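Two forms, one protein chain; structure tokens for each follow separately as structure 1 and structure 2.
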Structure 1
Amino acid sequence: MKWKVWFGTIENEEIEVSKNLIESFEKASNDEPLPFNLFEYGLKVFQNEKEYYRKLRQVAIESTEKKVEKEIKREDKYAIALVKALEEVEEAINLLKEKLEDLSEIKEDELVKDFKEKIKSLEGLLERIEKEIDDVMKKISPNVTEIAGSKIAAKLLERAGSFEKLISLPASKIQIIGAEKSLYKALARMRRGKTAKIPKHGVIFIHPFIRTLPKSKRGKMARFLAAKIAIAAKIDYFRGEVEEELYEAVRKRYEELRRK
């Protein structure tokens, strides 16, 4: 068994020291726990304990600094690509389901079975995409995800276009992201002197705290939620640290509206 460690490899108690410590540090992966204490082998390579940790720390800092910078640049792109994939797979499933219905009305045969299998496998894929969106959003936008759920958080990011753009949006815009079409329609009607309803919520409408309220109170909740999302997005973008109070405030407002 050859064990990969940050300063090289170890096989049959023989140490081969790496020539590029950053590279070996980044590849120090093993399927099973090391059956020995790494530090003891390390002492054979570095003169003493102090030198071992000095070097390890130096390599860790250098490697991590680069990775952090790279990840910050691209992580919102990944979330956005996932949302697009999600929506397209959803669409494909709906389309196949329609066709299946048409077909099975006429004839029940092999082909129908194939359709069913295809749909099932796509639904499996959909689930995996959802799980990945959940994981990614928790990581890159913990506060928005905490108060809005990962699906809404990801869709807001996707509709905004980037993290940077999302944080530049006022709460009133966040509230109706995803309802732009009905907004434009309403505005056009009003311009023609007709009455129209301005939409009160876009993608945030699927939030359980909005959906489960009576219609008359949904607008209020949507406005409150959007305001908190705007704050949460900024915290996520600039600090990335969880603020427990945000969720508490949203939950309180919901309870209030429900009771009234």
Structure 2
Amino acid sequence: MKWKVWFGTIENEEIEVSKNLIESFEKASNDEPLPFNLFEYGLKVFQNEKEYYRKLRQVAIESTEKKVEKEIKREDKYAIALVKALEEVEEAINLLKEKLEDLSEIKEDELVKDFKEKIKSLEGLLERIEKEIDDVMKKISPNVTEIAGSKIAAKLLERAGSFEKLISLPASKIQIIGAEKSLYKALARMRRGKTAKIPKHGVIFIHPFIRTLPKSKRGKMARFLAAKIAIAAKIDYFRGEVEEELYEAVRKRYEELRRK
């Protein structure tokens, strides 16, 4: 019988070492308990106990990281789809409200009531989507969500295209995500020798620490927040551990600017 072990296979006391230890580690499952001491066979492959456990630990960590990365990729696609759905539902609600206002000015009838019920139903759907976005973003990007909020975090992820692309962006790019059209128009005007106003922030403008500040201070807060988001995204992707001091640093900077 051929036995699958984390470093390959064993059959009739013959060891076949796998060329891909991570793959063999993940497939090391047998219908019956091993009838031999795996460690003793492992020593024939890895020479000594220290090397055996060092390699086993390395393979186990790499396998786990591979699974986590795969899970993040799946979840970030889901988050991106949710953001797009959220924006479409918001657009539908706004459109229906405009039509409702037009109809209400003319006549109150059953059709107007149908519009109101449809809007109420869509608003309920909107709340459920927002709750799902919050849950997903807290799971895959706890630090960015903590300092930026789940809605901004998800919108940044959606605009970037993936978590991998988001962590590769410099803070200056994160700062203006969502304002690219305004930036390109401003740059085009400047190339023609005309004056233009360069946007200081994109989707992060909806953050309360930015929009509640005077206009003269919003740029400074946006730069600081974007820098912390860039750090937070990398921590989320590579470690996934919550760093509470990131939010505290953002809050302190906001308080400093607010007092000046």
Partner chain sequence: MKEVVRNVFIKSDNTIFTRSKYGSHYGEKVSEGFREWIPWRSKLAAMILKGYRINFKGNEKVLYLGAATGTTLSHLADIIDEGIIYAVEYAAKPFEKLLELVKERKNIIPLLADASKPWLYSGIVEKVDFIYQDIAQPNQIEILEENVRFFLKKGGEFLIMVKARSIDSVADPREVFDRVRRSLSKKFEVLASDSLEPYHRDHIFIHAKA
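Here, rigid core means the biggest group of C-alpha atoms that superpose within 1.5 Å across both forms. Treat the numbers as computed from the prediction; the structure is a model and nothing was measured. Each residue is numbered by where it sits in the sequence of structure 1, with counting from 1.
Undergrad: Is structure 1 or structure 2 the form predicted alone?
TA: The chain shown second - structure 2 - is the form that fits the description.
Undergrad: Establish whether a shift of 2 Å or more occurs at the C-alpha of A249 between structures 1 and 2, with the two forms superposed on the rigid core.
TA: Comparing the forms between structures 1 and 2, which are aligned on their rigid core, A249 does not shift its C-alpha by 2 Å or more.
Undergrad: Please state the CA displacement of K27 between structures 1 and 2 in angstrom, with both forms fitted on the core.
TA: Reported C-alpha shift between structures 1 and 2: 20.8 Å at K27.
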